[in-house]
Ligand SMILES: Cc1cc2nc3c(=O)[nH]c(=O)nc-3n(C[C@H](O)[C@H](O)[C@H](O)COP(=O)(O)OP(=O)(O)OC[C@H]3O[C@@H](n4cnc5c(N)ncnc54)[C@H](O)[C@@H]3O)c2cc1C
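Given next, in structure tokens, is a single chain: the form predicted on its own.
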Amino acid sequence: MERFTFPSPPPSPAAEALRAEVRAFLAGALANRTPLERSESWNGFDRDFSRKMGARGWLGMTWPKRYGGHERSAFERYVIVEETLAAGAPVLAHWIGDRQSGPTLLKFGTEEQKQTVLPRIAAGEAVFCIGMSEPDSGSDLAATRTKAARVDEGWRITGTKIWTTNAHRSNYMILFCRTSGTPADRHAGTSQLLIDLENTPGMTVRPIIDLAGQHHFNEVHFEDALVPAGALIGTEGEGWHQVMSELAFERSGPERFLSSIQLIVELIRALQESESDAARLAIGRLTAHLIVLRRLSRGVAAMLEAGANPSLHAAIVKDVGSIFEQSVPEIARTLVEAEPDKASTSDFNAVLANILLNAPSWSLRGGTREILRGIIARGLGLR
């Protein structure tokens, strides 16, 4: 392969009709949410809001109806994701389950797993976290040392997962682990297990407080933890293939370039009386970059709709999107003289502080920049 081609999304009147309905709902549901709260992006957590989304049929949208889904298009789902993120809705209680854990179970899970878990995600009732990264391995998932051994009662798990966003409030985790061999075997011998976080003895969740003083991240320790045999997702030993499929869902959506959107909103408000050519140029460039990133991300949605594998395209969206959203706070600081302060009565100052503190993590989540560029280079046949 010498180049990537992103398909053009076909017209979707149903998706655009849905957009007006979503905006009307969000205008009411988020009326009392402050700009600072909106700037939390997809770290905002509100189970009631997620249940309202589920009640409207806006979760599990593309899934079969027999599993609680609604059999709507990838473009209609894209509208839901885009509008909730742009509005700063508190989506974390359903976010991971709807975005990647549910699709993983739909593609690889057992019938029992699908029947038990998918309707709960679609209703906004089941909260998921991701059990991929480990201490000392960074984004090198193939170096996983967490082991699951077959026993008469099921699987015995020993190891540690880190950066498990929301594990302290989740009902389930999809665990990537080694079921045979050693880390030297790299991709071989890995599997995925569905972990019931509320009913698994031998598991401990420990908080990690981030730079902003917030508790989103956790370490999850498994010390001879026991899960039933039916926890295995897909085929034993095929975990690497499965987790790569899962990461395509994680890396391709508009969340990869909308994390700092509230700061752009506040920046435009702060500059609305400005006559500065530099301000006009900066806002124009930010807008142009957003348009391009949105086009690429919607191209991935077109691939998902067509049943294609968008792993390489998703890596590009994630890499370029992270660069964009991390650049916004520095651009804002060059245009507006302000002291970042989350306690400030100025919405711009408060939002700027929140984005500055959270932005360093954005090039890590979903895979570090170096890992992503290695994937892209390999896809182009350069390594």
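When you see a residue number, it is the position in the sequence shown, counting from 1. On a predicted model such as this, the values are computed, not experimentally measured, just so you know.
A second form of this protein, the form predicted together with the named molecule, is not displayed here; the remarks below concern that form.
Each of Gly131, Ser361 and Glu370 is positioned with at least one heavy atom within 4.5 Å of the named molecule in the model of the complex.
Not displayed here, the named molecule is kept clear of Tyr172 by more than 4.5 Å at the level of heavy atoms in the model of the complex. Proximity of Phe108 to the named molecule in the model of the complex: non-hydrogen atoms within 4.5 Å are absent; the residue sits far from the partner. Shown alone here, Phe217 lies within 4.5 Å of the named molecule in the model of the complex, counting heavy atoms only.
In the model of the complex, no heavy atom of Gln113 sits within 4.5 Å of the named molecule. Think of it this way: in the model of the complex, the named molecule has a heavy atom of just one of Phe75, Trp163, Phe222, Trp155 within 4.5 Å, and the residue is Trp163. Checked against the named molecule in the model of the complex, the residues Pro228, Gly189, Gly138, Gly234 give one hit for a heavy atom within 4.5 Å, which is Gly138. The chain is drawn here without the named molecule; in the model of the complex, the stretch among 258-266, 123-131, 146-154, 195-203 whose residues come within 4.5 Å of it by any heavy atom is 123-131.
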